[in-house]
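Below you will find one chain, with nothing else, as structure tokens; this is the form predicted alone, and questions on how it binds or moves follow later.
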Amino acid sequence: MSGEPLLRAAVPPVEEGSAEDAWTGPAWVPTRALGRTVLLTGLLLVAGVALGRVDLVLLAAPFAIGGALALRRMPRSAPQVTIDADEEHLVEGGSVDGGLTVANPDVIRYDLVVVRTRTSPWLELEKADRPFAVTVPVDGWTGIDLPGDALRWGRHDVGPAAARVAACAGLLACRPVVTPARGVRVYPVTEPFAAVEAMPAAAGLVGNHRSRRPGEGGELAGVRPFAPGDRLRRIDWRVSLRTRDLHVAATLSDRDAEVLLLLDVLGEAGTSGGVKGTASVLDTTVRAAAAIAEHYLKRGDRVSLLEYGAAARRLRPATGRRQYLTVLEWLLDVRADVSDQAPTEHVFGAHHVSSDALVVVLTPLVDPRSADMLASLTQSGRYTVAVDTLPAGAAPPQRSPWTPLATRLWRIERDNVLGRLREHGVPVVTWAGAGSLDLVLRDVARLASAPRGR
């Protein structure tokens, strides 16, 4: 993800096959204590033999005997390190219950176990940036709690973790046993959003929006003569008694609408500070998309998502809570498109974007191709609303004395682009949470009610 800092290098990287090989047995290496013991014992023995002094030989005996006895109790099994992390749905700003479990499957006790892990910088875990020295009982385990907070949406890792054991009275130490990382999914926080205006077009079979088509619904459209197939409960007895002919109450059908959320990922701007700091373009885009999708899915509408970029990822339209969870999973993989490949234009064909769908384009308008895309959508006759996701204080880093002047000129040019888009009938509104799209949807609904030329 653009702008996301790298993981802190705290443990060696996990190589392919190393996790499975680590469980077969520890690879012991001598420590400095063993080197000093062997060196001191050898010097005393050589000096005792060369000088004919028995006291030097007797002085070396405890070191030799103690080292030999200590090396006899060498563990045969490596420690087992398990990473624990939340598997429930986490939201930005929520608490993360992470932890490490170190187990000793051997019958010989470890002298000391040093455990260290690394985590994503967007998981603010307590004491995760320092090593832990613990003792593990024989055929037992020791737990290390790592509570913290999730600062930003996305897929983050707890781990990998490495453990190193000291045994044989500190004379031997095993090579680090590395455990692969454990993934944590952090969903974006949904900003308050509620659009009270009617949808421009409702083309489904059932739903909460009043359509202009006659059918079964709760909105009265008028009274007409009885026809074969009409239900008896629809008979208007007042009009029927007055006219001496059966009349029924005609209603407008309640239809659902399709909402397409088009995410412009051609560029990233601003600095992401997580849920407690400033928001970048991707932060605003993902959080706004989650809020809009939640609102319309609760109303029974069909929601689909599409990326405007080289990858052109797409989520098919659907309804219900299952679709909302799918939308959240889909948003976790949103990344800024840093490739030079041109965005795919055929994604706006009839098979991908319905003519009756409300297209909400979340774009920072930092790439000229985004303005061309908006203009083409509007010219194709689709109901399009553009949501400006550029942060108010977004500016490039100060690299030269001309940077502020260049930024000012760029903003003036961008304002001109916004003005030209509005002149061509593309409504552009800045995302501001609840009610952001009400005025724009009202204008789009009025345009939709007017006759459409062919």
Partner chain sequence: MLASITRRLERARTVLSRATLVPLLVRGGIAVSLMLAVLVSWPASVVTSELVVPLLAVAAYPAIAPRGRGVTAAILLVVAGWVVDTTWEDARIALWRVLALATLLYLGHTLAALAAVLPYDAVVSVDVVATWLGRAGAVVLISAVLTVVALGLADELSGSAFVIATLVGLAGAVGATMLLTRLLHRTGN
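Residue numbers count along the first chain shown, from 1. Predicted model, so just to flag it, every value in this text is computed and none were measured. Basically, rigid core = biggest C-alpha set you can superpose within 1.5 Å across the two forms.
The same protein has a further form, the form predicted together with the partner chain, not shown here; the description that follows concerns it.
The putative spot formed by 39, 44 and 48 is fully lined by the partner chain in the predicted complex; each residue has a non-hydrogen atom within 4.5 angstroms of it.
You can rule out all but one of 163-171, 283-291, 233-241, 360-368: in the predicted complex, only 163-171 has residues with a heavy atom within 4.5 Å of the partner chain. The single contact residue among 133, 325, 108, 338, judged by any heavy atom lying within 4.5 Å of the partner chain in the predicted complex, is 133. The partner is absent here, but in the predicted complex a heavy atom of 71, alone among 377, 246, 249, 71, sits within 4.5 Å of the partner chain. In the predicted complex, none of the heavy atoms of residue 424 sits within 4.5 Å of a heavy atom of the partner chain. Among residues of the shown chain, residue 114 is one whose heavy atoms approach the partner chain to within 4.5 Å in the predicted complex.
At the 4.5 Å threshold, heavy atoms of residue 56 reach the partner chain in the predicted complex. The partner chain is not drawn, but in the predicted complex it has no heavy atom within 4.5 Å of residue 393. Residue 408 is not among the residues whose C-alpha shifts by 2 Å or more between this form and the one not shown once the rigid core is aligned; its shift stays under 2 Å.
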